[in-house]
Structure formats: C-alpha cells, structure tokens
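Single chain ahead, written as structure tokens, the form predicted on its own.
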C-alpha cells in the first residue's frame, strides 16, 4: 500500500469523486501557487469505493471555497494545524460565482465588454442551475 505523509499546516480536500481532482486543481489555479500541493488519485474509500484527495500547504484564506462548493458541495475541507485536523468545513452551492465560469452567449455584454466580470447566480437550488447575471444564459456543464 502507498503511504502519503500528512501535512503540518494547510488544507486537505477530501471526498473528491475519483478522477475529479485535476478539474479542481485547474478551477482553483493550484498550478500558480508556490505552496506544496499533493494530489492523490483513486485512493481507497469505504464510503465511496475510490476517491481523490488534494493536500495543500496554505491558509484557508488562499483557497476559494465557493469554487469547491460549485464543483461538488460534498467535498470535505479539513483544516490542518500542527499535523492535526482542527476544523472540518461543509460546503454549499454558492449563491453567486464571479469569474469562475464564462458566459457562452455571443450576444452577452461580457462578450463585447472584455473587462466585465463573468457573474453567475444560482437560480434553482434544487437543480443547481446557474444563470448569467447579465443575459440570463443558463450554464451547462460539459
């Protein structure tokens, strides 16, 4: 069995569906951080069968929890201090996302005014439907 050491101070993103860690890595722009980042793919899980885990040596304020909640609100965020879990954060779908996803509508003002932020609002909590604030275009995941 592979043994991955723990981190002293930082964040562990746990219960990521197997194969989705790299999506989260890209959305959180972890390739641009100077801190240590460890990605564990397809780890054994009693609850999920297989899961991915991301360990990041950084403060909680350096990670956008809304992005994680948007991707999958079942992901657990464990805050680690001195090698121990001091807090577990449960996530929710954010009510508003700014510059996380982009509007695909060619007639949207964001297509013309490049400096405008791409803002999406949660319009249906039951189906997790997000719509562009400016043109109300529905966001659909690929």
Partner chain sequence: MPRHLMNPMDLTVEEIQSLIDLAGDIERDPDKYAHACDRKTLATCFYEPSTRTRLSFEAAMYHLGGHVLGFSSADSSSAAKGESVSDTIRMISCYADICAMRHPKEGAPFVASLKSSIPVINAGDGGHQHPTQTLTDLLTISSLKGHLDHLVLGLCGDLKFGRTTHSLIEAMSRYEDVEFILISPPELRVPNYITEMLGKKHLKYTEVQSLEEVMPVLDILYMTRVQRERFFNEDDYVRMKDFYVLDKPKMELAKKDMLVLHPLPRVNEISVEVDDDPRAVYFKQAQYGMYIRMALILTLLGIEV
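None of the values given here were measured: they were computed from a predicted structure. Residue numbers count along the first chain shown, from 1.
Same protein, other form: the form predicted together with the partner chain, not shown, and the subject of what follows.
Of the listed stretches (110-118, 42-50, 57-65, 76-84), which one has a non-hydrogen atom within 4.5 Å of the partner chain in the model of the complex?
Flagged stretch: 110-118.
Although the partner chain is absent from this view, report whether residue 122 comes within 4.5 Å of it in the model of the complex, heavy atoms only.
Answer no; every heavy atom of residue 122 is more than 4.5 Å from the partner chain in the model of the complex.
Flag residue 31 as yes or no: does it have a non-hydrogen atom within 4.5 angstroms of any non-hydrogen atom of the partner chain in the model of the complex?
Answer no; every heavy atom of residue 31 is more than 4.5 Å from the partner chain in the model of the complex.
In the model of the complex, does residue 136 come within 4.5 Å of the partner chain, counting heavy atoms only?
The answer is yes: residue 136 has a heavy atom within 4.5 Å of the partner chain.
Is there a heavy atom of residue 105 lying 4.5 Å or less from a heavy atom of the partner chain in the model of the complex?
Contact check for residue 105: yes, within 4.5 Å of the partner chain in the model of the complex.
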